[in-house]
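This document opens with one chain alone, in structure tokens, the form predicted alone.
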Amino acid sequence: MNDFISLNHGSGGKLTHELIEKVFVKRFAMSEPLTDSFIIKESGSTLAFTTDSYVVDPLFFPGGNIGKLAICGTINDLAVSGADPRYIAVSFIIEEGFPMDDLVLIADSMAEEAAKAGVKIVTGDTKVVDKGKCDKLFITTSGIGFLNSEIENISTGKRIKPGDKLIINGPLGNHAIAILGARNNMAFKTTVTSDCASLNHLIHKVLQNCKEILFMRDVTRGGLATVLNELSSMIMSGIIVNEALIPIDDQVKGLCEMLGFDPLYLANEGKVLMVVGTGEENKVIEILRSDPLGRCSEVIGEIIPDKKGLVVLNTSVGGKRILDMPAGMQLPRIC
């Protein structure tokens, strides 16, 4: 393991997993598999609990800001665990000299997003540090949601079997490209808007009407490729995905080709990957496409029997390539 922390340790890729496994899991006696939320069973209730920190740069970007991002991210981590998100705690670390008007705008957007999602912000903490001791504003959130015990293992994928289908609810890479275009040091601008959104209502509709939702994970740092590799190693099966079926907006695709990025590794903040039992994929697609957050949903691949746990991409030109987990990051501080 490296002697010092690098930005790549925050990528969500191989170095992030190595850091978590060798430093935190080992010392905190954390149970595996590691999922977006920890499931708590106490006194007849089943709860999902999650926490996350947000250091996005810039704080304001097309489609949102750090506050909206923090609320959406926490809600989505709970929702993909099958939980109904209810309560959020928020902690702010604010640099001395930060504009009060900007803080008010961020707080307003957090309140608006929480209300829209039906979630209450109930407690928190505020710290102000000397100028130069943090970069403007960092936010940490924790969330709790109630979970139906019948789907408490949905994050582990225990019921997945070969032939089950993979579904994504819309185009990939928009958030990362929107952040990149908003940075002052970049030589290009873009009209791409972040997909930052709370997915709990969308996911609830699917869970209410479909019994064969076998796994869910929100596609954030490290992109689709990372989530697929996490899933394959978790269930010890192979995955095959079809590049031609993966939704990517033309502008995102064009900018990725120009800048040398792979959209399958870019961060998203409003996308969920679902694994659905064979025969129910059309029903799930119909439900997803009836919602604005799922209009471009597609079945992109399936689980295959392969003990090596490889993720294989059927390319648009007719070839195949291994879709590995990234070692580091394409873009830093995108969430």
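The numbering used is simple: start at 1 and walk along the sequence shown. Computed from a predicted model, the values in this text were never measured in an experiment.
Absent from the display: the form predicted together with a further copy of the same chain. The rest refers to it.
Query raised in the report: Should the three residues R27, L47 and V122 be counted as contacting a further copy of the same chain in the predicted complex, with contact defined as a heavy atom within 4.5 Å for each?
Result: Every listed residue reaches a further copy of the same chain in the predicted complex, so yes.
Query raised in the report: Just one of E302, D52, E298, D291 has a heavy atom within 4.5 angstroms of a further copy of the same chain in the predicted complex, so which one?
Result: Among E302, D52, E298, D291, a heavy atom within 4.5 Å of a further copy of the same chain in the predicted complex occurs only for D52.
**Report entry** Residue (of I144, V252, L224, I167) lying close to a further copy of the same chain in the predicted complex, criterion heavy atoms within 4.5 Å
**Finding:** By the 4.5 Å criterion, the partner-contacting residue is I144.
Query - Location of a further copy of the same chain contact in the predicted complex, chosen stretch of 256-264, 159-167, 80-88, 206-214 [non-hydrogen atom, 4.5 Å] - result: That would be 80-88.
Query raised in the report: Applying a 4.5 Å heavy atom distance criterion, does T140 contact a further copy of the same chain in the predicted complex?
Result: Answer yes; at least one heavy atom of T140 falls within 4.5 Å of a further copy of the same chain in the predicted complex.
Query raised in the report: Quick one: does A182 come within 4.5 Å of a further copy of the same chain in the predicted complex, counting heavy atoms only?
Result: Result no; A182 lies far from a further copy of the same chain in the predicted complex.
Query raised in the report: How about G118: is it within 4.5 Å of a further copy of the same chain in the predicted complex, going by heavy atoms?
Result: No, G118 sits far enough from a further copy of the same chain in the predicted complex that none of its heavy atoms falls within 4.5 Å.
Query - Distance check, K127 to a further copy of the same chain in the predicted complex, heavy atom within 4.5 Å - result: Within the cut-off, so yes.
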